[in-house]
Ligand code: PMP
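As a starting point, one isolated chain is supplied in structure tokens, in the form predicted alone.
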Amino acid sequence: MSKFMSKRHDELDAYVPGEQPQDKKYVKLNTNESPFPPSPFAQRLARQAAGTIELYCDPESGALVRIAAEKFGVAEDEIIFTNGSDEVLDFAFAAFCDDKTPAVFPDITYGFYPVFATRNGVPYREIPLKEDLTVNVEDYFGVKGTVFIANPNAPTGIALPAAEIEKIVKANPDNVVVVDEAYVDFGGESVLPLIKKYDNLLVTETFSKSRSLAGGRLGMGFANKALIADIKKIKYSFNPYNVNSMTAAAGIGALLDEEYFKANVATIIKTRENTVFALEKLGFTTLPSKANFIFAKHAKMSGKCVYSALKDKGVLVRYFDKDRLRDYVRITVGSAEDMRVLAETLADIIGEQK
């Protein structure tokens, strides 16, 4: 750091993205991207939009909002689009947390939550997961803070039923509950319909996973119009033109190409279940995932050992050097061929260990 860096950032422990090594070609199963390219329709609309990028994009993403509102059954003033769902989450920390209203979230969850809290200068409290790495919903009743729940959770992949999430929302009427549904399309149960019932619920989703637009950076938030207005106040104080024209156009194409979306999601779910079976045959224990990744550990090898051995052989997975996570690796569900290579490489590694 330079001598000019503000001291207020001394405690900022920045988020570390999944590695993107360039030294050789890897089977890349470490960043939860889709194994499928964007919808052909999404690609076509993005190319068309490229012809007018000398102009500023629509700060309201009006065309995208209209299509999304119809698709998801919400009013146009109950939705906002952002530069990835990370941005709407960051806006929520800024809008709904302060010195008197801390952020509250699990101790094992999406690693950006403590970063957002620290960067926005708000206190936060982490609530430990249970021994089986599940959320105890009663721990979040009346917590007197803004609650952030990833559902399905990351990096575990475990999902709570919508009825359990609703209990948290109902038990915190004086505070906002943010439900991060980045992975919900892979088997989770969305609480999006509950925004009509509760004025303190914000639901975030992303196009990065199930809709193959990780590089496009497109996220969305759903809530009653008052909460969306709050989020927009933060947005317009930061970056009005946060969703570029090509990304907005690709988002329209991704939403309209429902058949492509459903087919890809179904394939990923099937591949996930097949991979779980293959891993368990190799001696791994897996958590019940409703995401596009698998959290797995082996009885005779540490997570770091599995990660390092795979990387040496050209397969990238994610390892978290944290308490209660060190035994595990997180494995993105790639193509069927990717997962075949993973299983065969793991079999070789286990054989070498013997």
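So that there is no doubt, residue numbering starts at 1 and follows the sequence shown. This one's a predicted model, so the numbers in the text were calculated from it and none came from an experiment.
One more form of this protein should be noted, the form predicted together with the named molecule, which is absent from this view; the next part is about it.
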* Taking heavy atoms and a 4.5 Å cut-off, does R272 contact the named molecule in the predicted complex? -> no
* **Contact label in the predicted complex: Y110 to the named molecule, heavy atom within 4.5 Å** => yes
* Can any non-hydrogen atom of K167 be found within 4.5 angstroms of the named molecule in the predicted complex? -> no
* Does the named molecule come within 4.5 Å of any heavy atom of N200 in the predicted complex? -> no
* Candidate from I80, V243, I195, A150 lying within 4.5 Å of the named molecule in the predicted complex - any heavy atom -> A150
* **Answer option from S85, T247, N172, S210, heavy atom within 4.5 Å of the named molecule in the predicted complex** => S85
* To do: Spot the stretch among 175-183, 234-242, 159-167, 70-78 with residues whose non-hydrogen atoms come within 4.5 Å of the named molecule in the predicted complex.
  => 175-183
* Any chance all of L89, A154 and T206 sit within 4.5 Å of the named molecule in the predicted complex, going by non-hydrogen atoms? -> yes
